[in-house]
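Single chain ahead, by itself, as structure tokens, in the form predicted on its own.
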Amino acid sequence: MSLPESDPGLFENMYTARALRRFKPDPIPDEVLFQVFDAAIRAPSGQNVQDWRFVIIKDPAVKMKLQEWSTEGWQRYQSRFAENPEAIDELPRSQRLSLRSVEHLVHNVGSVPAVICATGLKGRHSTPGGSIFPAVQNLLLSARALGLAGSIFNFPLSHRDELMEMLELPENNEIYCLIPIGYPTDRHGPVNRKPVKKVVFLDRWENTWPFAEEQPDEGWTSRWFPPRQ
């Protein structure tokens, strides 16, 4: 696989970028990875410091360590499901599918083609992460445009100090998130979200925005992702 001649377009990317966590073993070409990062660093940065730094983790030994730490984190985060995985099947569909995909990644992150470690200067900004996560969002959207998938996955960060040592990160930096990335086995598509009118207010908390009240609950998804024939 290589760079596509065109991408789906900004709004289709945003309306269909699912958090997919099951990946093919196919390696990601360097030119595709470069495009992802070249788009990521176009994000805004406080005082234009541009202190984001990214480590591409491909080393099998490091990835297997991430998997080991992820398993520990999963057992603490969802202890009742770790002891009884079948209980997940009793949950509502959307919650069940999400947890199953997380569970899959927990036990397979060692075989993901690449894991991106996003870092920034420690204490450099008054709002921690405010100058890092815009770049992360750019990264995820550009990955979607290139046929990749990824999502923030921080279970291994319970061993943050050990990971910093393994990656030889300087002490004046900190890890903000990990992003497993690869070509997905599942498909991107429209994402279900609460209606705009339920989450956006005008001037005061819970003060209705009349324009939003008139729009469909599914928003304008059909404008950017019409039903495929």
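Fair warning: this is a prediction, and the values are worked out from it, not measured in the lab. Quick note: we count residues from 1 along the sequence shown, nothing fancier.
From this point on, the text means the form predicted together with a small molecule, which you will not see here.
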Which one, 121, 87, 152, 97, lies within 4.5 Å of the small molecule in the model of the complex by heavy atoms?
152
To verify the annotation, which of these, 43, 167, 191, 64, has a non-hydrogen atom within 4.5 Å of the small molecule in the model of the complex?
191
Is there a heavy atom of residue 24 no more than 4.5 Å from a heavy atom of the small molecule in the model of the complex?
no
Any non-hydrogen atom of residue 19 within 4.5 angstroms of the small molecule in the model of the complex
yes
Hey, in the model of the complex, does residue 102 get a heavy atom within 4.5 angstroms of the small molecule?
yes
Given the stretches 121 to 129, 154 to 162, 141 to 149, 108 to 116, which is the single one in contact with the small molecule in the model of the complex, using a heavy atom cutoff of 4.5 Å?
154 to 162
